[in-house]
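Encoded as structure tokens, the following chain is the form predicted on its own, with no partner shown.
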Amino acid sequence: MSGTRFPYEPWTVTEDGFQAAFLRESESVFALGNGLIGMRGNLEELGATGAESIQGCYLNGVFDSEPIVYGESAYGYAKNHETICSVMDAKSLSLSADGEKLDLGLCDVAEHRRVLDMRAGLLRRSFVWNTKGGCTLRVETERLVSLTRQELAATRLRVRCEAGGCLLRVDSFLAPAVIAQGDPNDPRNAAGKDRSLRIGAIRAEGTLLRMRQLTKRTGFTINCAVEHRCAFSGEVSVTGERADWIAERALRAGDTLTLERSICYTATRDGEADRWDDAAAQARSAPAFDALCAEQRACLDAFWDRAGIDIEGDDALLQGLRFNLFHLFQSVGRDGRRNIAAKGLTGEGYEGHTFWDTEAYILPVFLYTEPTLARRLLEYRYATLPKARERARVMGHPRGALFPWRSIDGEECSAYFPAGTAQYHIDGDVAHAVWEYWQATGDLDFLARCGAEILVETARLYADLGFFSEEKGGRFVLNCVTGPDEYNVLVNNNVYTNRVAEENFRSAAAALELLSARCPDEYARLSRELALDAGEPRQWLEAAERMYYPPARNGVIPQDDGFLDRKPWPLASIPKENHPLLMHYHGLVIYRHMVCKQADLILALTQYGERYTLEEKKRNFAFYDSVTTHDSSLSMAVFSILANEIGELSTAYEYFMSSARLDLDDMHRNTKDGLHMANMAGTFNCVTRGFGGMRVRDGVLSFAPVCPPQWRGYAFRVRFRARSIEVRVRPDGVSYALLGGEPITILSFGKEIELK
């Protein structure tokens, strides 16, 4: 891990000195959010001469759209792009001393430091500015996005004159964001799309700045209000598309200027009640900065108590894990209307879209630390179920629902269907998450209100997609699908897809049986609303029992029917600079070869491990490890988990190391576009499911921990069925503690242990 820019610290991420070449990466690393508001870690003065910046403030779920232009279109293609918007900028300001404007690329600045405090939920910055007029100013800024007040953010500026004197000018402004251009050759960015917003209103009155922006096509209204608190009065003005609050103060040695700003964002859509005055009222009545800091610390203390994780002997990995958990907690939607994007609220990569990553990687983190947030993520899927039904009809399915591969509000917006819409496993991922949530929480209310309906509609989709094939001996097959591995598209019988479909069939039937017995009224309502046929569950179970899986060849399980028939492509022959392959080779070149972006067969072996023997896992790990590029950030964590299970501890640790600090050390060279949320979640899963050997089978929690030789020990906490359990692992053994809740029996290496 040599070469990192950040010292290894357990609770902070510190950047010493201004490093212009890394400004965009740092803006992602130092981003703050609360599930609604996301602010990139931009310098207060926006940027510096000679450095490239990506300005960004985002509201989760607020997006604009435009029609997808196809050179050659066809029936059923996705119709619209959806792209997250960078809304008005309220975090920036400019400083001038005797007319010299602060610019880190031009001014004499020393002792520059930025610190992301993961216990306090604050971004702190400090530096010394030696002005051309001979004045020495110490500048300190603090920024937070409130985790307890969803529509509120705040900043504090302190400027202390340490020597000499100057006329200091502070200009706090509210203005439209500068839209990043993006890379037109990278399909993961939003280059070339119109992401600008219309100005609806601008006001400046007393100490308050206000602005309204409107999306052009999707009907969103965004209001922002900024209240200023300062011992020195300022003047306000509106010029063009910008509102300013400006104060000037003559400073002498020992004088300090302090400015606090309370920032409120609101967003409404399609005729909802106007919140222009509400935003102003919230900004004006917001607590002082220190009070918000106290609330922030209390919220994070509670989170770290529930998601406690510790490593003895590797500060670099400990910092990486906590950094990952912190950003996940900042980015996840909290109201059942907003999900978590692939880049969270830290950048514009993947245009703010939600993928299957949420259910397969991210939801388990919250399921075992913050189950209420896990429920909110599933409620988001339930809210988009009507659009999933519409998509299923477009795709030729008379019944059921097909969730989108990538979307913001539930509409499929992937323009490349072979690696997008064809990923029918998304239905099984959502269904798996619903059933896993039920097993871990016992939340019968959610199952009755939302979960069972999702399970039924996804099972219906698979029942229509597949058929009993005579050529496969009467087995149930799923043809022409794409699994999670995007380097193998439109294949027959992708093992992972068939596995999640089989589980979906079984869990849908089990959910209906459970509701019939325990919630007969809800069962009757659901049966009536869905026109449920009494024979459907039997048909699902028959399909599950007769699900087809490609037979192994010399111990190797084909990822799909044709995988082992493709031309080998020795990875050693591919130059390092030609990764990821999708950026350097035509899709057809990739699809003809026996190569994986992320081997979804390994994911199947991990997620459905009880279906495979240890020898099968060992043989297939070795094979797929040799044909996988790991071009996807989703890949390494899964390989680490399975490597642990088969006893390849050294390999497991190497993959974990590469995964845990992927963004802190910019290992994929695209941290500038935002952080990799699913990989971040994968590292938590590496600790709990990998090294900790945590599994849930038939509602029973089990562990089989190992301690990497590089560590003196480690510990983690999980929540399960209203219990809080701590697992501590050392080279000489493991201990369990029940920190809260009723007694529970768990399994440790297959042996029952009662925790009291």
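In this text the structure is predicted, and so the values were computed from the model without any measurement. Each residue number is its position in the shown sequence, starting from 1.
Keep in mind that the form predicted in complex with a small molecule is missing from the display, and what follows is about it.
Asker: Quick check on this chain: which one of 598, 441, 266, 83 has a heavy atom within 4.5 Å of the small molecule in the model of the complex?
Answerer: For this set of options, the contacting one is 598.
Asker: In the model of the complex, which of the listed residues (684, 540, 355, 368) lies with a heavy atom within 4.5 Å of the small molecule?
Answerer: Of the listed residues, the single hit is 355.
Asker: Does the 4.5 Å heavy atom contact test between residue 405 and the small molecule in the model of the complex come out positive?
Answerer: Judged by the heavy-atom cut-off of 4.5 Å, residue 405 is in contact with the small molecule in the model of the complex.
Asker: Check whether residue 658 has any heavy atom within 4.5 Å of a heavy atom of the small molecule in the model of the complex, and answer yes or no.
Answerer: Judged by the heavy-atom cut-off of 4.5 Å, residue 658 is well away from the small molecule in the model of the complex.
Asker: Contact between residue 350 and the small molecule in the model of the complex at 4.5 Å, heavy atoms?
Answerer: Judged by the heavy-atom cut-off of 4.5 Å, residue 350 is in contact with the small molecule in the model of the complex.
Asker: Please determine whether residue 342 contacts the small molecule in the model of the complex, using a 4.5 Å cut-off between heavy atoms.
Answerer: Yes, residue 342 is a contact residue.
Asker: Hey, of 626-634, 231-239, 526-534, 301-309, which bit sits against the small molecule in the model of the complex at 4.5 Å between non-hydrogen atoms?
Answerer: Only one stretch qualifies here: 626-634.
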